[in-house]
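Take a look at this one chain, the form predicted on its own, written out in C-alpha coordinates.
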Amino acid sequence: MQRPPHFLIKHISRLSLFALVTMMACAPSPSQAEMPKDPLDSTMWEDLSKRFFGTAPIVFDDKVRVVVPSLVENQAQVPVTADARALRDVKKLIVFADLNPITHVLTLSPRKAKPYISFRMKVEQATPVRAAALTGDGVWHVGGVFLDAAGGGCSAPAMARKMADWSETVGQTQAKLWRELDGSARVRLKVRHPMDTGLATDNTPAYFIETLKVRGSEGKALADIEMFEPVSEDPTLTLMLRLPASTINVELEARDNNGGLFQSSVPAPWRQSQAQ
(Lines give C-alpha, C1' and ligand atoms only; values in the text may rest on other atoms or scores of the structure.)
Protein backbone atom coordinates (compact mmCIF):
# COMPACT_ATOMS: atom_id res chain seq x y z
CA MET A 1 0.00 0.00 0.00
CA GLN A 2 1.39 3.40 -0.95
CA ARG A 3 2.20 5.67 1.96
CA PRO A 4 0.28 9.05 1.90
CA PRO A 5 2.32 12.19 1.36
CA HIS A 6 4.02 13.70 4.42
CA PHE A 7 1.93 16.90 4.34
CA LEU A 8 -1.27 14.80 4.32
CA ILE A 9 -0.16 12.88 7.42
CA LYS A 10 0.41 16.16 9.25
CA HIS A 11 -3.02 17.45 8.15
CA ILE A 12 -4.76 14.28 9.39
CA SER A 13 -2.89 14.50 12.70
CA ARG A 14 -4.01 18.09 13.21
CA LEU A 15 -7.62 17.15 12.45
CA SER A 16 -7.46 14.26 14.95
CA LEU A 17 -6.01 16.51 17.61
CA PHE A 18 -8.70 19.14 16.98
CA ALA A 19 -11.43 16.50 17.21
CA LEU A 20 -9.99 15.16 20.49
CA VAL A 21 -9.81 18.62 22.06
CA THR A 22 -13.37 19.38 20.93
CA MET A 23 -14.68 16.14 22.43
CA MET A 24 -12.94 16.84 25.72
CA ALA A 25 -14.33 20.37 25.87
CA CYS A 26 -17.86 19.19 25.18
CA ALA A 27 -17.77 16.26 27.61
CA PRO A 28 -19.47 17.06 30.95
CA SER A 29 -17.07 17.40 33.87
CA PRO A 30 -17.97 15.98 37.31
CA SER A 31 -18.98 19.49 38.43
CA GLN A 32 -21.29 19.77 35.43
CA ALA A 33 -23.07 16.49 36.12
CA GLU A 34 -26.78 16.38 35.41
CA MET A 35 -28.79 17.99 38.19
CA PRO A 36 -30.97 15.51 40.09
CA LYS A 37 -34.70 15.72 39.46
CA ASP A 38 -36.55 17.65 42.12
CA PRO A 39 -39.04 15.38 43.96
CA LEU A 40 -41.12 18.49 44.79
CA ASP A 41 -41.15 19.57 41.13
CA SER A 42 -40.50 23.23 41.90
CA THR A 43 -40.01 25.71 39.07
CA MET A 44 -37.39 27.46 41.24
CA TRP A 45 -35.24 24.42 41.99
CA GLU A 46 -32.67 24.81 39.22
CA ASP A 47 -32.00 28.48 39.96
CA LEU A 48 -31.93 28.00 43.73
CA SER A 49 -29.64 24.97 43.58
CA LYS A 50 -27.13 26.98 41.55
CA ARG A 51 -27.40 29.86 43.99
CA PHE A 52 -26.94 27.82 47.18
CA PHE A 53 -24.76 24.93 45.99
CA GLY A 54 -22.93 26.19 42.91
CA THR A 55 -21.28 23.24 41.17
CA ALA A 56 -21.04 21.07 44.30
CA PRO A 57 -22.59 17.58 44.11
CA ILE A 58 -26.20 17.32 45.30
CA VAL A 59 -28.27 14.35 46.45
CA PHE A 60 -31.84 14.23 47.65
CA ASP A 61 -31.63 12.38 50.95
CA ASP A 62 -34.33 11.11 53.34
CA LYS A 63 -31.80 11.48 56.17
CA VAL A 64 -32.44 15.23 56.04
CA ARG A 65 -35.90 15.78 57.47
CA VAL A 66 -38.05 18.91 57.36
CA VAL A 67 -41.12 18.95 59.59
CA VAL A 68 -43.91 21.52 59.14
CA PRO A 69 -47.54 21.53 60.32
CA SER A 70 -50.21 20.08 58.05
CA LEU A 71 -52.44 23.04 58.94
CA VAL A 72 -50.98 26.55 59.15
CA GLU A 73 -52.93 28.86 61.44
CA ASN A 74 -50.60 31.86 61.35
CA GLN A 75 -48.52 32.51 58.22
CA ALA A 76 -46.18 34.78 60.19
CA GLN A 77 -45.39 32.07 62.77
CA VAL A 78 -44.97 28.71 61.00
CA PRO A 79 -43.14 26.05 63.08
CA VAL A 80 -40.30 24.38 61.14
CA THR A 81 -37.83 21.71 62.20
CA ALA A 82 -34.74 20.88 60.14
CA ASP A 83 -33.06 17.67 61.28
CA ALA A 84 -29.92 16.14 59.72
CA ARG A 85 -28.81 14.12 62.76
CA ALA A 86 -28.92 10.92 60.71
CA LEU A 87 -25.91 12.18 58.72
CA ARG A 88 -22.31 12.21 59.90
CA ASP A 89 -19.85 15.09 59.72
CA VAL A 90 -22.33 17.87 58.90
CA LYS A 91 -20.55 21.19 58.48
CA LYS A 92 -23.51 23.39 57.62
CA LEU A 93 -27.30 23.22 57.55
CA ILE A 94 -29.29 25.74 55.52
CA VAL A 95 -33.05 26.25 55.31
CA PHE A 96 -34.79 27.97 52.41
CA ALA A 97 -38.29 28.35 50.99
CA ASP A 98 -38.55 28.23 47.20
CA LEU A 99 -41.46 30.63 46.68
CA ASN A 100 -40.86 33.14 49.45
CA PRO A 101 -39.90 36.63 48.23
CA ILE A 102 -36.78 36.17 50.41
CA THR A 103 -35.87 32.53 49.98
CA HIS A 104 -32.97 32.08 52.43
CA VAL A 105 -34.30 31.61 55.96
CA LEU A 106 -31.27 30.68 58.05
CA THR A 107 -27.95 28.83 58.12
CA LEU A 108 -26.73 26.77 61.07
CA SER A 109 -23.04 25.99 61.53
CA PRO A 110 -23.16 23.21 64.18
CA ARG A 111 -19.64 23.49 65.54
CA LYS A 112 -20.25 21.64 68.82
CA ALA A 113 -23.94 21.04 68.23
CA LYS A 114 -26.03 18.49 66.45
CA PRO A 115 -27.27 19.40 62.94
CA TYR A 116 -30.74 20.18 64.23
CA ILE A 117 -32.74 23.37 64.60
CA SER A 118 -36.36 24.14 65.37
CA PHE A 119 -37.77 27.64 64.82
CA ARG A 120 -40.65 29.65 63.36
CA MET A 121 -40.73 31.39 59.98
CA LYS A 122 -42.89 33.62 57.80
CA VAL A 123 -44.34 32.38 54.50
CA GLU A 124 -45.86 34.50 51.78
CA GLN A 125 -47.59 31.62 49.97
CA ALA A 126 -47.67 27.85 49.72
CA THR A 127 -44.10 26.74 49.03
CA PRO A 128 -41.55 23.94 49.22
CA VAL A 129 -39.48 24.33 52.39
CA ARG A 130 -36.07 22.67 52.23
CA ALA A 131 -33.09 21.88 54.41
CA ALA A 132 -29.67 21.14 52.92
CA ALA A 133 -26.79 19.64 54.90
CA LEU A 134 -23.20 19.98 53.72
CA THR A 135 -21.07 17.02 54.80
CA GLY A 136 -17.31 16.90 55.11
CA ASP A 137 -16.91 15.23 51.70
CA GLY A 138 -18.34 18.32 49.99
CA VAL A 139 -21.75 16.82 49.15
CA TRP A 140 -25.03 18.65 49.79
CA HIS A 141 -27.80 16.38 51.12
CA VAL A 142 -31.22 17.92 50.49
CA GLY A 143 -34.57 17.16 52.08
CA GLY A 144 -37.83 19.06 51.96
CA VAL A 145 -41.61 19.14 52.14
CA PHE A 146 -44.37 21.14 50.51
CA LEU A 147 -45.95 23.60 52.94
CA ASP A 148 -49.59 24.31 52.15
CA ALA A 149 -50.35 27.76 53.53
CA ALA A 150 -52.25 30.93 52.73
CA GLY A 151 -50.24 34.05 51.96
CA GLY A 152 -49.20 37.25 53.61
CA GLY A 153 -46.75 36.22 56.32
CA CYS A 154 -43.74 38.06 54.86
CA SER A 155 -45.63 41.27 54.08
CA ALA A 156 -47.46 41.57 57.40
CA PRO A 157 -46.12 44.26 59.79
CA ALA A 158 -44.60 43.11 63.07
CA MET A 159 -47.02 42.88 65.97
CA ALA A 160 -44.51 44.67 68.23
CA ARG A 161 -44.91 47.85 66.20
CA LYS A 162 -48.38 48.30 67.70
CA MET A 163 -46.86 48.72 71.18
CA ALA A 164 -45.61 52.15 72.18
CA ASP A 165 -42.67 50.74 74.19
CA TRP A 166 -41.60 48.02 71.73
CA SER A 167 -38.10 49.47 71.29
CA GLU A 168 -37.40 49.13 75.02
CA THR A 169 -37.75 45.36 74.90
CA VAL A 170 -35.63 44.68 71.78
CA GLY A 171 -32.90 42.16 72.54
CA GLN A 172 -34.40 40.84 75.77
CA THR A 173 -33.64 37.12 75.85
CA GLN A 174 -35.22 34.16 77.62
CA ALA A 175 -33.50 30.76 77.48
CA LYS A 176 -33.36 27.44 79.27
CA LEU A 177 -31.15 24.33 79.13
CA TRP A 178 -32.16 20.68 79.60
CA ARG A 179 -29.85 17.66 79.74
CA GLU A 180 -30.87 14.91 77.28
CA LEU A 181 -30.56 11.15 77.89
CA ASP A 182 -27.68 10.86 75.43
CA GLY A 183 -25.65 13.44 77.37
CA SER A 184 -26.29 16.36 74.99
CA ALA A 185 -28.11 19.50 76.06
CA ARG A 186 -31.20 21.03 74.54
CA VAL A 187 -31.40 24.80 74.62
CA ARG A 188 -34.53 26.76 73.84
CA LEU A 189 -34.24 30.52 73.51
CA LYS A 190 -36.35 33.50 72.57
CA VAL A 191 -35.03 36.93 71.59
CA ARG A 192 -37.39 39.90 71.46
CA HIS A 193 -37.05 41.51 68.03
CA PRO A 194 -39.54 42.65 65.35
CA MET A 195 -37.65 40.91 62.51
CA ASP A 196 -39.06 43.31 59.91
CA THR A 197 -38.77 42.02 56.35
CA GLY A 198 -38.92 45.41 54.65
CA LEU A 199 -41.88 44.12 52.61
CA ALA A 200 -44.73 45.26 54.85
CA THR A 201 -47.31 47.71 53.53
CA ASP A 202 -46.35 50.23 56.24
CA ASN A 203 -42.97 50.70 54.46
CA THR A 204 -40.97 49.82 57.58
CA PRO A 205 -37.40 49.05 56.45
CA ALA A 206 -35.81 45.65 57.00
CA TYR A 207 -34.72 45.28 60.62
CA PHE A 208 -33.72 41.80 61.74
CA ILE A 209 -31.20 39.74 63.70
CA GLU A 210 -28.39 38.70 61.37
CA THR A 211 -26.24 36.49 63.58
CA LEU A 212 -26.59 34.49 66.76
CA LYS A 213 -23.48 33.02 68.38
CA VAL A 214 -23.72 30.29 71.00
CA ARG A 215 -20.63 29.83 73.15
CA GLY A 216 -19.69 27.61 76.09
CA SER A 217 -18.60 28.95 79.45
CA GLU A 218 -14.99 28.40 78.34
CA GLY A 219 -15.58 30.62 75.30
CA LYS A 220 -15.59 27.74 72.82
CA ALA A 221 -17.93 28.06 69.83
CA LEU A 222 -20.90 25.70 70.10
CA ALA A 223 -23.01 26.93 67.18
CA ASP A 224 -23.35 29.89 64.84
CA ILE A 225 -26.63 30.88 63.21
CA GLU A 226 -27.04 33.29 60.34
CA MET A 227 -30.63 34.55 60.16
CA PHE A 228 -32.57 36.36 57.48
CA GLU A 229 -35.83 38.29 57.26
CA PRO A 230 -38.17 35.26 56.98
CA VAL A 231 -37.40 34.16 60.56
CA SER A 232 -40.45 35.06 62.62
CA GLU A 233 -40.79 37.99 64.99
CA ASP A 234 -39.29 37.31 68.44
CA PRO A 235 -37.16 34.41 67.13
CA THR A 236 -37.70 31.25 69.15
CA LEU A 237 -35.08 28.57 68.49
CA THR A 238 -34.25 25.10 69.78
CA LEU A 239 -30.75 23.63 69.40
CA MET A 240 -29.05 20.41 70.52
CA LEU A 241 -25.62 21.12 72.00
CA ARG A 242 -22.73 18.83 72.88
CA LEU A 243 -21.82 20.19 76.30
CA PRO A 244 -19.29 18.75 78.72
CA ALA A 245 -20.50 18.09 82.25
CA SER A 246 -18.24 20.86 83.51
CA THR A 247 -20.22 23.53 81.63
CA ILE A 248 -21.41 26.25 83.99
CA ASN A 249 -23.44 28.30 81.52
CA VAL A 250 -24.01 28.99 77.83
CA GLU A 251 -23.38 32.46 76.42
CA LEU A 252 -25.58 33.95 73.70
CA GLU A 253 -24.68 36.90 71.50
CA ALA A 254 -27.07 38.27 68.85
CA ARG A 255 -26.39 41.11 66.44
CA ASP A 256 -28.95 42.80 64.16
CA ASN A 257 -28.51 44.62 60.85
CA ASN A 258 -28.60 48.02 62.62
CA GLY A 259 -25.58 47.09 64.71
CA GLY A 260 -27.52 46.27 67.87
CA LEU A 261 -25.69 43.78 70.08
CA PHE A 262 -27.60 41.65 72.61
CA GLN A 263 -25.86 39.34 75.07
CA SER A 264 -27.18 36.96 77.69
CA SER A 265 -26.09 33.97 79.76
CA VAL A 266 -27.97 30.71 80.34
CA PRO A 267 -27.01 28.82 83.54
CA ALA A 268 -26.68 25.05 83.42
CA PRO A 269 -29.34 23.69 85.83
CA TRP A 270 -27.40 20.47 86.49
CA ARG A 271 -24.52 22.52 87.91
CA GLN A 272 -26.88 24.33 90.25
CA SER A 273 -28.36 21.02 91.50
CA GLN A 274 -24.84 19.66 92.16
CA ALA A 275 -23.99 22.80 94.17
CA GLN A 276 -27.01 22.22 96.39
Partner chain sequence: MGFFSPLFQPPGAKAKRNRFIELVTTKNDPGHAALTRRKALALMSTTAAAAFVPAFDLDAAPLQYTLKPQRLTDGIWMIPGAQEAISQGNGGAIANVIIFDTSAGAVIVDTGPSRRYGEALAKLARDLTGKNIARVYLTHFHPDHVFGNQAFGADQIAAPKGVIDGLKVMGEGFADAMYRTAGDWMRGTELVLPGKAIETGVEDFGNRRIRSLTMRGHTSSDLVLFDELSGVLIGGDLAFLDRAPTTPNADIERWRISLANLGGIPHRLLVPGHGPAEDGTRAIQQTRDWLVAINEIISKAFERGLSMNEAMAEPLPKWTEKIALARYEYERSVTHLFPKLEADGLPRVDVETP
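The shown structure was predicted, so the numbers you read here are calculated from the model rather than taken from an experiment. Numbering follows the first chain given and starts at 1.
Unshown form predicted together with the partner chain; subsequent notes refer to it.
Site residues 124, 173 and 186 are all in contact with the partner chain in the predicted complex, judged by any heavy atom within 4.5 Å. Contact annotation: of the candidates 106, 133, 113, 80, the single residue with a non-hydrogen atom within 4.5 angstroms of the partner chain in the predicted complex is 80.
For residue 263, a non-hydrogen atom is located within 4.5 Å of the partner chain in the predicted complex, even though that partner is not displayed. Contact annotation: residue 92 falls outside 4.5 Å of the partner chain in the predicted complex, judged by heavy atom distances.
Mapping the unseen interface onto this chain, residue 88 falls outside it, with no heavy atom inside 4.5 Å of the partner chain in the predicted complex.
Contact between residue 178 and the partner chain in the predicted complex is found at the 4.5 Å heavy atom cutoff. Contacts to the partner chain in the predicted complex (heavy atom within 4.5 Å) from stretch 46 to 75: 67, 68, 69, 70, 71, 72, 73, 74, 75.
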